[in-house]
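What follows is one chain in structure tokens, specifically the form predicted alone.
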């Protein structure tokens, strides 16, 4: 049975991502090599190649692992009752928590361009599907009258850009948890989409 087919192998791959994440944070994603990642894990580089054929495959697994969690989160949130704003709040908090506290190696989630075309074509449809959830909720909020008539695509890109960038600066040992940061992000980002008070004008 191939390594990828077993639950134990999947668990081991996620452990490898934890070590890879530490290497990514220290020296940057592009400078990290397979030998350095193996050294971080006190692992023979040949054993690392048993789980990942090369760095491209490791990075792709990082992205697929993070994306699978985000899509599961989105499906759960959409299935729950509630308003568009309430669902957006849960999605934002869950996104930040998942990337920063539940998904090892999620720093690579930012780096879709680091993958070659074969891997990008495999991963991009899931990313597109996840973005559509945000656009759908923003359109719903506009229809409900709880959000301004904004461009759903632009608003989605602004929100996801802010959420994804947290993997660059969040630290688990910091004074605030990922959930607490997510709650503050939800407040700030959603307030930016809500209708302005009567008479308030936009700076052009």
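Positions refer to the first chain, counted from 1. The model shown is predicted, which means the values in this text are computed figures rather than measured ones.
Heads up, the form predicted together with a further copy of the same chain isn't pictured, but that's what we're talking about next.
In terms of contact with a further copy of the same chain in the predicted complex, the residue from 142, 41, 45, 157 that brings a heavy atom within 4.5 Å is 157.
Using a 4.5 angstroms threshold between heavy atoms, residue 101 stays clear of a further copy of the same chain in the predicted complex. Residue contact check for residue 97: none of its heavy atoms lie within 4.5 Å of a further copy of the same chain in the predicted complex. By the criterion of a heavy atom within 4.5 Å, residue 86 is counted among the residues contacting a further copy of the same chain in the predicted complex. Interface residue remark: residue 34 is not counted as part of the site for a further copy of the same chain in the predicted complex, having no heavy atom within 4.5 Å. Contacts to a further copy of the same chain in the predicted complex (heavy atom within 4.5 Å) from stretch 174-190: 175, 176, 181, 184, 185, 187, 188, 189, 190.
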